[in-house]
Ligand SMILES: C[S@@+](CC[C@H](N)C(=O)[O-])C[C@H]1O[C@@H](n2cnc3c(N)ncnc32)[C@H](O)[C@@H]1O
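Take a look at this single chain in structure tokens; it is the form predicted alone.
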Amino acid sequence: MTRAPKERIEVDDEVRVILGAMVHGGHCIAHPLGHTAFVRHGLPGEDVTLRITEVRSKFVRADVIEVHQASQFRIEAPCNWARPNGCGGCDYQHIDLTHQRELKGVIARESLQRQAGIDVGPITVLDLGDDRGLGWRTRMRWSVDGSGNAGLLGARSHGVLPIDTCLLASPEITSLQITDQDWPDVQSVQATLDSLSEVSVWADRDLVSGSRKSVQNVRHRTWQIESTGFWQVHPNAAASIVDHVLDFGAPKAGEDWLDLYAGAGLISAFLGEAVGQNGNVTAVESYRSAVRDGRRALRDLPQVKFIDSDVEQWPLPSVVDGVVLDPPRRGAGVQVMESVALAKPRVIVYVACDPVAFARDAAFLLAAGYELARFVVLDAFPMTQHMECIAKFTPIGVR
């Protein structure tokens, strides 16, 4: 199909279109006046009027401001701020929760097809025990404006909106009423909820209430981590990730494993238990407080050794039995993936929070002689476009 030639388009122009597919980032694709547009607050197939919010040389951004023919999966967003000129946190509140997961499965599948040439077939996205998709956030950060008012940021904006309640926040965090308080000379406020239902509140780097350490329980093990340090936001995510990594990797007694981007050793701990005292687990992490917390939590597992280093700068061993990677959103990159493949592990388990970055890294493994053996997507971030992917790679011909 030949696309219409581009016509002049400007911010605040309103155009009626039929929305195309949902893509990574929480947008639908559309082509107003011949331009490629990334459109928020829509659903594939809807007949809508959109308003242009940003114009670039290769694409434009837009918001749906009127729906003429709604998708059967459209619902009324539970939060009044999930709208144009509203909060930037929730991309999918206007979509039925079951269909949200279907869309995430399609996006993950298409990312693998486009970036790595892999077709995994239809994907069933697994929920983490949510039937409403609300009240799950155990970590919240508010921005503070120049008048000391705390709020949340608008979509693609540094503007602080006076959002008094986030429906994704846990009840324990909501009860703090952070936005009802004054925060003079503060840039941000952070609240974290731990496994004991204790909440810590920080204003910038100052502890306001609660403990500096958060207690996090997974299976039979306990961590005390910096309350501002990294941990999974959904209360059921950490345990589910561990379950899938152990299932996919099947670590055996006496094996040597690498846990790259190990954090405080969530996965390292259970790898260490599986390989036993005759095995080894090397946990590589650059965030020093996480390394300290991990060493303290795993002191009963001498077979687990933490390395305080950037993964990219640490020389990987020449031979290992298994590798786990849980990189930041940008992915691991070609240098790390090539080094992992050169170590010739019998299995590689990759945990990813960005399907496109994961698919790029997966392409490197395929080129190095590995194949995707198993793949699962967890809905660890309901109401948002984010997801958690877990994949198992094995040498070609070895399942």
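Note that the structure is a prediction, hence the values are computed from the model and not measured. We number the residues from 1 along the sequence you see.
Beyond what is shown, the protein has a form predicted in complex with this ligand; the following relates to that form.
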- Task: Consider Gly263 of the chain shown here, and say whether it contacts this ligand in the predicted bound form, taking contact as heavy atoms within 4.5 Å.
- Result: yes
- Message: Residue-level contact is defined here as any heavy atom of the residue lying within 4.5 Å of this ligand in the predicted bound form; does Thr282 satisfy this criterion?
- Response: no
- Quick one: is Gly151 in contact with this ligand in the predicted bound form, heavy atoms, 4.5 Å cut-off? no
- Using heavy atoms and a 4.5 Å limit, would one call Ile267 a contact residue for this ligand in the predicted bound form? yes
- Testing 362-370, 326-334, 65-73, 43-51 against this ligand in the predicted bound form with a 4.5 Å heavy atom criterion leaves exactly one stretch, namely 326-334
- Heavy atom within 4.5 Å of this ligand in the predicted bound form: which of Asp204, Asp145, Glu110, Glu312 fits that? Just give me the one. Glu312
- Ok, Ser286, Thr174, Ser195, Thr179: which has a heavy atom sitting within 4.5 Å of this ligand in the predicted bound form? Ser286
